[in-house]
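Here you get one chain, nothing else, as structure tokens; it is the form predicted on its own.
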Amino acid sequence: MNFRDIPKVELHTHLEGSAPPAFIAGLAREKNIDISGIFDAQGGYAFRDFDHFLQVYEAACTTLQSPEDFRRLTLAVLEETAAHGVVYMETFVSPDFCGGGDVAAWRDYLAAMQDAADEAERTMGITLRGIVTGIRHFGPDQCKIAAACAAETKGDFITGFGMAGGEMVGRPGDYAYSFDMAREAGLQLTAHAGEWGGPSMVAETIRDLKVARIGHGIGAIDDPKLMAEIADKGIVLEVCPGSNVVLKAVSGWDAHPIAKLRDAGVPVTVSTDDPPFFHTTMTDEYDMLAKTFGWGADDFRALNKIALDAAFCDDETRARVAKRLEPKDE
């Protein structure tokens, strides 16, 4: 089965983390920035563990210094993503890396990203929506600044608010003000939880931040009552198996709980997270799910339906994307 050609919906990506390493290395050369230490001998990103991954990620972001850099980045990412059959993609974008939280500067960066997204929709048939993201390990006050940027720029392109970064910094309730601000602005909500923090972190995130989706969420597997609650409430997990394997959140593909979560009635989706960091693509994710769990075309169609239903987009966009997901022989 050719998994590359299956049309796909992807909900959990980080725009900066999706940057091809050659693209970041090229920007570094243009700007005379020495970040050679973040690459391996083959030119890929090199990191030891999750904490080091965050350091390498933030070092790569130092090359992204202008709206034009982000326009080029967005086009490069969408070209690579579309090549693997993705027809709708949501990506986390942080004002911290786009003007440092200044709303006027953020608008300029956002306009450049949206311009690239519009071009990609015309030329590549992929739709992009943005989720403004607070960086958890930067602290609650900085997260409030990100939420204010999100609230000021909600629209056709910016449709959600979320939180990423170091999951073990603070508790979800520390960031409730930011999520309340985003909710009042009409943004849809997601947050990373349960990648490292276990079921209690997932439960607190659902209770205190009132999110519709959870990024990763795999720690829920250790609490049957929590899984039942997630299933009952229809909270969707943005699962990134390849990322979890590389970062050693799980011991390997065979140990990944995605199939057990799905069997328990938990709505799961599949995404790549930061694909070049984890040497993955959506094609690779589908291939490994097929090899590990025996999933086939019907399973992937079901995953994509869940993802599209959970997407942070309007009904018109959802209907347009649904047509792209229809099998070509129908």
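When you see a residue number, it is the position in the sequence shown, counting from 1. Remember, predicted model here, so these are calculated numbers, not experimental data.
Keep in mind that the form predicted in complex with a small molecule is missing from the display, and what follows is about it.
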- Item | Of Ile33, Ala264, Leu54, Ala297, the one that lies within 4.5 Å of the small molecule in the model of the complex (heavy atoms) | Leu54
- Query: Which residue, Val87, Ala164, Leu73, Ala150, has a heavy atom that falls within 4.5 Å of the small molecule in the model of the complex?
  - Reply: Ala164
- Within 4.5 Å of the small molecule in the model of the complex by heavy atoms, the stretch out of 24-32, 300-308, 37-45, 271-279 is 271-279
- Query: Heavy atoms within 4.5 Å of the small molecule in the model of the complex: does Ser243 have any?
  - Reply: yes
- Message: I'd like to know whether His216 contacts the small molecule in the model of the complex, with contact meaning heavy atoms within 4.5 angstroms.
- Response: yes
- Task: Please check if His256 has a heavy atom lying within 4.5 Å of any heavy atom of the small molecule in the model of the complex.
- Result: no
- Query: With a 4.5 Å heavy atom cut-off, would you call Glu238 a contact of the small molecule in the model of the complex?
  - Reply: no
- Query: Taking Phe50, His192 and Glu195 as the candidate spot, are all three within 4.5 angstroms of the small molecule in the model of the complex by heavy atoms?
  - Reply: yes
